[in-house]
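Okay, here we've got a single chain as structure tokens, the form predicted on its own, with questions on binding and movement later.
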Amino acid sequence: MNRLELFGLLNKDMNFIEDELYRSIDSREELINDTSLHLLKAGGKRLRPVFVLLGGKFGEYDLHKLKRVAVPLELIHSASLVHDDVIDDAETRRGQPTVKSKWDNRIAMYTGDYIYARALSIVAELPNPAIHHVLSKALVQMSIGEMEQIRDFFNVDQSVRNYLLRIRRKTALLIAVSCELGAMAADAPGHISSLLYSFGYNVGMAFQIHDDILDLLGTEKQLGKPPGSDMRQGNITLPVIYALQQPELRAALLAEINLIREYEDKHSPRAAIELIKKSDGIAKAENLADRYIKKALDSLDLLPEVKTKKTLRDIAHFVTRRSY
């Protein structure tokens, strides 16, 4: 599925949102313009604004109202990536140099802060306090998720439950509120926005699990970064956790992870990836992602019969079939 197919009937409206994204970060300060534009030009799936617009289809669809949710949510996601790249010391993202590698850590952090601030100033134009309440709660949880990820760097004894709670906060919540806030901004009934939240949450969980699988199976061209980047950065993901639970592989995999930790970029994660491929870690992770997608589709089935449901269903299936 390419970007045009993913957006479906929303292609024209998403072009409008894309223009609004660029307009939203415009500044008289040349440096902040350059760094912010560098991030946006690297592209991305724009899933969050897509979900906002699709959620809006269940109410009174008003693009000029919905843009005040769609643009901020994509900006918040983008800002979190800039900060992540500093924490992870990442050199590339989506095949392009990161802000921190092209400039430096300080510039990257202030760029992320600026983009966050722009997001909040745009959503503040909406008078509905419930929207601000939902978004602020999500941002608090996202921040906790970031701290948990740092705490668990190279923690080879973490549980599956800890991993799921972390990705809930880091990834799934923002996708969930994208669906929910789209409906809320369009004045859809409360039970509709709740069902959309459930759909988005489960899609978001599956999305992150599949992302973590792709980090082990994908090529550098597909990923826009070297395979095994998560392990290099100390991020122990679900397939690795499952692989470590197999006694016959644990000692060898632990030894490889320790070498990666000790020698950083000087030790390739290739051997560790091969050990994980020999385990049932990837299959078990894929199975769990599929279970989340099933839950998402169950929520979708309870929504009113509108054309939008097909697009949401297509996106849910795309999440665990994509190769990028």
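These figures come from a predicted structure and were not determined experimentally. From 1 onward, residues are counted along the sequence shown.
What follows is about the form predicted together with a further copy of the same chain, which we do not show.
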Q: Please determine, with the chain shown alone, which of 189 to 197, 207 to 215, 78 to 86, 174 to 182 has non-hydrogen atoms within 4.5 Å of a further copy of the same chain in the predicted bound form.
A: 78 to 86
Q: Verify the flagged residues Tyr110, Leu120 and Arg151 against a further copy of the same chain in the predicted bound form: is each one within 4.5 Å by a non-hydrogen atom?
A: yes
**Q.** is_contact(Ala283, a further copy of the same chain) in the predicted bound form, heavy atom dist at most 4.5 Å
**A.** no
Q.
So in the predicted bound form, is a further copy of the same chain close enough to Glu248 to count as touching (4.5 Å, heavy atoms)?
A. no
(Q) Please tell me whether any heavy atom belonging to Val156 falls inside 4.5 Å of a heavy atom of a further copy of the same chain, as the geometry stands in the predicted bound form. (A) no
Q. According to a 4.5 angstroms non-hydrogen atom cut-off, is Glu91 in contact with a further copy of the same chain in the predicted bound form?
A. no
**Q.** Contact residue in the predicted bound form, from Ile32, Leu40, Leu259, Ala271 (heavy atom within 4.5 Å of a further copy of the same chain)
**A.** Ile32
